[in-house]
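Encoded as structure tokens, the following chain is the form predicted alone, with no partner shown.
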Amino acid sequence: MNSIEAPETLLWRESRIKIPYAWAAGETASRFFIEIRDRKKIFGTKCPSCDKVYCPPKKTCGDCFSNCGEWLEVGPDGEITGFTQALYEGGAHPVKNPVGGLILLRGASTAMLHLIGQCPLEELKIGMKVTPVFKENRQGNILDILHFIPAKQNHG
């Protein structure tokens, strides 16, 4: 059998591929985003078997695979269970050097990853109470919640 030797250096070609696409968010995510967009309400789904409340909502429980058909309003307040800051530029970042946090909303069993704003990084603490700030012109996506801020700062 003949063996083919690999080249010592690999040649690279830099390029960009732009492929427009669209997809449905699905029944569960659509309802979640519509509630935020139209009513500034955040909902989760509850597992009937293990009572876990998922936020963002899930159609199926990740632990016991039961159908999570019951919708419950959660939050809107919650607490930070973890946070970090991205110190690099990225096309997916909605702001420069975003601070992202895991937010456990009141009534939820799972934390939601979202932006934390209007608070210096050095003042953030695990367990800090936060509340959402909703965009004026909501479009039906997760960024309809602009960010979460320390609860004492919410003036509207």
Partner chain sequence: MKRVAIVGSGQTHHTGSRLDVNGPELINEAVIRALEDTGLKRKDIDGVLIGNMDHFEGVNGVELWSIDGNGGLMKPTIKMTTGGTTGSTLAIGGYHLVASGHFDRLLVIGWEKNSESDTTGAITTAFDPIWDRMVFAGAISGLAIDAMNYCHKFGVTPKDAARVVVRDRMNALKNPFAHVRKEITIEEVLRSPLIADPLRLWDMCPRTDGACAVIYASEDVAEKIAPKPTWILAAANRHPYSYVGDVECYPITSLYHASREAYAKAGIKEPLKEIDVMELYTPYSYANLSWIEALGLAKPGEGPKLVWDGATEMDGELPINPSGGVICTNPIGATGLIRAAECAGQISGKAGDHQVPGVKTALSTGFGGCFWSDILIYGEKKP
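Throughout, rigid core stands for the largest set of C-alpha atoms superposing within 1.5 Å between the two forms. Just so you know, these numbers come straight off a predicted model, no measurement behind them. Positions refer to the first chain, counted from 1.
Keep in mind that the form predicted in complex with the partner chain is not shown, yet the notes after this line are about it.
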Given a 4.5 Å cut-off on heavy atoms, tell me which of 37-45, 60-68, 123-131, 92-100 is the interface stretch with the partner chain in the predicted complex.
60-68
Just to confirm, residue 27 within 4.5 Å of the partner chain in the predicted complex by heavy atoms?
yes
Any residue of 15-45 with a heavy atom within 4.5 Å of the partner chain in the predicted complex counts; write them all down in order.
17, 19, 20, 21, 22, 23, 24, 25, 26, 27, 28
Core superposed first: is there a CA shift of 2 Å or greater at residue 16 between this form and the one not shown?
no
